[in-house]
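A single chain, nothing else alongside it, follows as structure tokens in the form predicted on its own.
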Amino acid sequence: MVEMKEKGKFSFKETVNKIGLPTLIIGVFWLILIITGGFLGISMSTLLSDTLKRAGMNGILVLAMVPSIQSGTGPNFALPVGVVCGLFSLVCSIELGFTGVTWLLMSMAFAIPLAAVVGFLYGKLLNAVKGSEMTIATYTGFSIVAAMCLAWLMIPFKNPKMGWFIGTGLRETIQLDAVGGAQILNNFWKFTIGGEKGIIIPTGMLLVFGVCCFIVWLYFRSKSGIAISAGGINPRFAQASGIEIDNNRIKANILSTVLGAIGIIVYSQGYGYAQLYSAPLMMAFPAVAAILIGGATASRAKVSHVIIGVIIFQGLLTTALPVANQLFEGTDLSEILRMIIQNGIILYALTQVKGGGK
């Protein structure tokens, strides 16, 4: 006789397994920080406004992890490859004289085909190094950033808004105010909840993030997306079923690279600056940590994991800085806290790749 579990019976272990231990721990820790901040007199509306802004800025970069994880290549530690494509498209759009909304749209229009080509080449590389994808991805991202440091100096851009005052090459930080590109999406349909000092909702940026999430969600319910997921879950069975795993891995990495390119454009306009040279070097690690905090593993990820993870992770970073500064005056523990949480979550997830995952 088969034993049936009583319906409605609460099981703490099952709840933890369903939510995910890292998500639960970090979520509770964030809640404690918010409560602590309230007792210390820190404005809750400011913290929540900054959390929403940072979540919108970083959301698409985190979303870029979903295709690569679903395809079986693991978290995309080569996110700087897509980021560099986006930055190159961004500065090309400025060089051509585009401003305002036109600059934003043209930057994305340039970024998508460029990132698709680069993503195709990157996907071919990963197919040649099966079993070592995450290691190769990390070094690929580092190498691209280093190579582009030379390119930013050598490509003959002429626009005075981007170049050094003396000599050739692009500045390390390019102000987007000069082309009317700073916070375009943040201010689009922006509104405040709770009066003048209430929570600011960056509607435009959240809408773009939401549209990208919907497109990825829809794609992974299409025939092509299901084939990618099937190849990631069980490559041998998928291959026996006639699914072309290598081609699907390439498709997934093209999508991931394109999302990375669009993500950095959205991030830059929200930040108000475009940062070149070594700035993209470590951008993959916060994105990987965010999706893992959201409940993803190194082998399975959903759009819901992206949304939950980016809100918790960015909320934690936003809250930790003022709270740590209030509790420990004269010190800066927020960066240490960020590194411990970020790298600790990545380490935990990588230990769960084989056996013992959710």
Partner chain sequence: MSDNLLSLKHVSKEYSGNRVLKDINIELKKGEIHALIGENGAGKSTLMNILFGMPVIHTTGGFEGKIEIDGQEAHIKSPHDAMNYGIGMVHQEFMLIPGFTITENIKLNREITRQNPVSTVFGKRLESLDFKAMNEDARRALDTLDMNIDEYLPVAGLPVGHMQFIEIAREIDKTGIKILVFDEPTAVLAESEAKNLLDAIRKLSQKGIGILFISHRLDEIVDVADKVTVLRDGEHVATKDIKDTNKFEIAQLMVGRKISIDRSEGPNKNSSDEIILSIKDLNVAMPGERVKGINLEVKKGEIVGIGGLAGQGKLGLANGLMGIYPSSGEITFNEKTLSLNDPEAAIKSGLAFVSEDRKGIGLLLDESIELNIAFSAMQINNDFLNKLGPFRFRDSGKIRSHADKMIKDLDIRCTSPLQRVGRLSGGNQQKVCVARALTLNPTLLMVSEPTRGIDIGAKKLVLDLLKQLNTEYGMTIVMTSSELAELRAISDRIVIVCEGKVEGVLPPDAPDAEFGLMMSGSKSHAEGSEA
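The structure presented is a predicted model; accordingly, all values stated were derived computationally and were not measured. Numbering follows the first chain given and starts at 1.
There is another form of this protein, the form predicted together with its partner chain, and it is not shown here; the text below is about that form.
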| query | finding |
| --- | --- |
| One stretch from 283 to 291, 120 to 128, 232 to 240, 83 to 91 that, in the predicted complex, holds residues within 4.5 Å of its partner chain by heavy atom | 232 to 240 |
| Interface residue in the predicted complex among Met134, Ile199, Ala227, Ala279, criterion: non-hydrogen atom within 4.5 angstroms of its partner chain | Ala227 |
| Proximity to its partner chain in the predicted complex, single hit among Ala146, Leu218, Leu207, Ala178 (heavy atom within 4.5 Å) | Leu218 |
| Close approach of Thr102 to its partner chain in the predicted complex, 4.5 Å, heavy atom | no |
| Any non-hydrogen atom of Thr173 within 4.5 angstroms of its partner chain in the predicted complex | no |
| 4.5 Å heavy atom contact, Thr168 and its partner chain in the predicted complex | no |
| 4.5 Å heavy atom contact, Lys223 to its partner chain in the predicted complex | yes |
| Sequence-ordered residues of 292 to 309 touching its partner chain in the predicted complex, heavy atom within 4.5 Å | Arg300 |
